[in-house]
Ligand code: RIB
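One chain comes next, on its own, written as structure tokens: the form predicted alone.
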């Protein structure tokens, strides 16, 4: 290793040993208590002294050891984030929001994947309890609160993400108005003359899917259509492109005479799979079938035709959830809150006025 390599040059105070708080104090000419205040309560330290200590920390490359305080408090500084599918770009944006807000408070985020399975969700929450995580942001797979209630009994606070039916007596929640999103998509399609719409859903036990379907049915009623005749549901196994591609066979079941005019998908991942499956069968979007997604992930605007979708404020969801969790961790008088954001329809090239097809 070259002598010019900084990693090869021993610290001037410790000859290569890990730098401790006492070495920083000696280098800055202050007490160890002053260094501790700079690290934990900087507002108590005069600006000149604080800058001198910060300079010593930088020069000695000091890294604080939080294990001692963690042992005293019985908690780590980490936050668990439990999502359905880490490969879904929607959750990537949410995770960025959680992580940025956590970093503002000096906390790290551990990302866990439930894979839309109850057993994996239970295992993830148990792991967070075993590791004494400070708290958790959780996207539950269904309306069963048993796992979350178990976690709270272990004094691990949580915030539920993208669920609007959690009682404020149980915990905080952050969501988007899924009914309003389904309503907006339905109004758009009905306004284009579509009176036969297939809703491509994930498991309807997932609240988001059920509420988006409710919004679509409400749009039909508002437009003078019988939702039982206008809306057909195809329930996919999972909310991913492969499930969307597999759903196309059921969407088209019955031949051209029974083909819907439009497909509204519970998320963009399903919609991208539907686009692929339709293209492989020689069907044109939107000429033969209009397609609407939900989430507005980045790739929705990059495919051709661009995907009409319902946008969710993904990053803001994550930040808001972490802010609520921090409030519960820091404030003894914290009161649980429900925050709800509004979605927004983004119209692109995958939807067009209905063409004339044979009636059912």
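Bear in mind that the values here come from a model prediction, so they are computed numbers and not experimental data. Positions refer to the first chain, counted from 1.
Another form exists, predicted in complex with alpha-D-ribofuranose (RIB); not displayed. Remarks below refer to it.
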> Which single stretch, out of 217-225, 151-159, 188-196, 84-92, brings residue heavy atoms within 4.5 Å of alpha-D-ribofuranose (RIB) in the predicted complex?
Replying inline: 84-92
> Taking heavy atoms only, is residue 173 within 4.5 angstroms of alpha-D-ribofuranose (RIB) in the predicted complex?
Replying inline: no
> Looking in the predicted complex, any heavy atom of residue 312 within 4.5 Å of alpha-D-ribofuranose (RIB)?
Replying inline: yes
>> Taking alpha-D-ribofuranose (RIB) as it sits in the predicted complex, is residue 208 near enough to touch it, meaning that at least one heavy atom pair lies within 4.5 angstroms?
In response: yes
> Would residue 125 count as touching alpha-D-ribofuranose (RIB) in the predicted complex under a 4.5 Å heavy atom rule?
Replying inline: no
> Tell me, which of 200, 239, 133, 262 has a heavy atom within 4.5 angstroms of alpha-D-ribofuranose (RIB) in the predicted complex?
Replying inline: 239
> Which of these residues, 102, 137, 275, 266, gets a heavy atom within 4.5 Å of alpha-D-ribofuranose (RIB) in the predicted complex?
Replying inline: 266
> So which residues in 325-354, when you check alpha-D-ribofuranose (RIB) in the predicted complex, have a heavy atom no farther than 4.5 Å from it?
Replying inline: none
